[in-house]
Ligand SMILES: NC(=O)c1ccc[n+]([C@@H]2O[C@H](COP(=O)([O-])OP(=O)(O)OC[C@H]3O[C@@H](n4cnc5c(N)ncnc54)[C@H](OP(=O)(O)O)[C@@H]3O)[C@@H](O)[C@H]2O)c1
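One chain comes next, on its own, written out as structure tokens in the form predicted on its own.
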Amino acid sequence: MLAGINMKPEFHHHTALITGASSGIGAAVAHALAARGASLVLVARRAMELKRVEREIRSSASESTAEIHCIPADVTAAMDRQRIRDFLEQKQLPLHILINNAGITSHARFDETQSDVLRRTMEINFFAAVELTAQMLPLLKKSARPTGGRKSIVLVSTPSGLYGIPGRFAYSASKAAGHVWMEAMRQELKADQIQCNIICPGYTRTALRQSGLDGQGNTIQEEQAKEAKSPHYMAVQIINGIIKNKRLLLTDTNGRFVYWLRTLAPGLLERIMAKKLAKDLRGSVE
């Protein structure tokens, strides 16, 4: 049982598609939704890890979980996105919740970043989410809204998308683009009763910091932040954000600090970020 989650079956008769579902936040959200009665479509590149998540959910979730489907796929590939759409249509599955969670981080200064690293970061964090959503949107629109339920498109983002973080420009830019896209789409889809939720988890204990890219395209190896929360904690925040229809949910004080300082004291925020960059550069040398 996930601490902090009200186990009422609020997602009965909902089908949720989650990308990046084989580990970390994606897997934790899958557990959380299953505990609330949702059927699941789990998408990630690693087939064996997807099946592991499915086994864990089936062994721990209540019998209220109607269905779990695993689709090994690379969401940056057009053929795989089409295959996901075809799967749902062939199975005649409705779609009520789309959680764009798959992502990658990249850490490097602008003048030290190769163009293919920027393109790879944008491809995973922005274009894949946009284009998968475009494939799934007709299914979302035609699926009947469950009684007392909701239809939602969720972007799992980061506080780094709120401001241009020095030394991480590509990551910040890819996430900021997603925010603007979601804000526009939220207004466009009001008549369809589809909510759009941007969730910005703070530091989380996942493999993201050991699977991102440096400026040359090499895999980075960074230690977890001391204040990092568990994926299960973030899953609670995401579920509550969906239920409360949060336009932008910041899960920690760091994110809220950046959000307000950007508007109220941008000069101060720049000085703070400059000190952070200097600290990061010293750490990389050491």
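In case it trips you up, residue 1 is the first one in the sequence shown, and so on. Bear in mind that the values here come from a model prediction, so they are computed numbers and not experimental data.
Although not depicted, the form predicted together with this ligand is the subject of the following passage.
Participant: Only one of these stretches, 143-151, 101-109, 189-197, 129-137, has heavy atoms within 4.5 Å of this ligand in the predicted bound form; which one is it?
Facilitator: Contact-bearing stretch, as computed: 101-109.
Participant: Please check if R256 has a heavy atom lying within 4.5 Å of any heavy atom of this ligand in the predicted bound form.
Facilitator: Taking the distances in the predicted bound form, the answer for R256 is no, it never comes within 4.5 Å of this ligand.
Participant: Since only the chain is shown here, I'm wondering whether T121 would be in contact with this ligand in the predicted bound form (any heavy atom pair within 4.5 Å).
Facilitator: Contact check for T121: no, nothing within 4.5 Å of this ligand in the predicted bound form.
Participant: Although this ligand is absent from this view, report whether S211 comes within 4.5 Å of it in the predicted bound form, heavy atoms only.
Facilitator: Within the cut-off, so yes.
Participant: Would D74 show up as a contact with this ligand in the predicted bound form if we use heavy atoms at 4.5 Å?
Facilitator: Yes - in the predicted bound form, heavy atoms of D74 and this ligand come within 4.5 Å of each other.
Participant: Name the residue from H232, R45, K246, H69 that puts a heavy atom within 4.5 Å of this ligand in the predicted bound form.
Facilitator: Only one listed residue qualifies here, and that residue is R45.
Participant: In the predicted bound form, do T113, S172 and N218 all put a heavy atom within 4.5 Å of this ligand?
Facilitator: Spot residues vs this ligand: no contact at all.
Participant: Going by this ligand in the predicted bound form, which residues of 21-46 come within 4.5 Å of it through any heavy atom?
Facilitator: The stretch touches the partner through A21, S22, S23, G24, I25, G26, A44, R45, R46.
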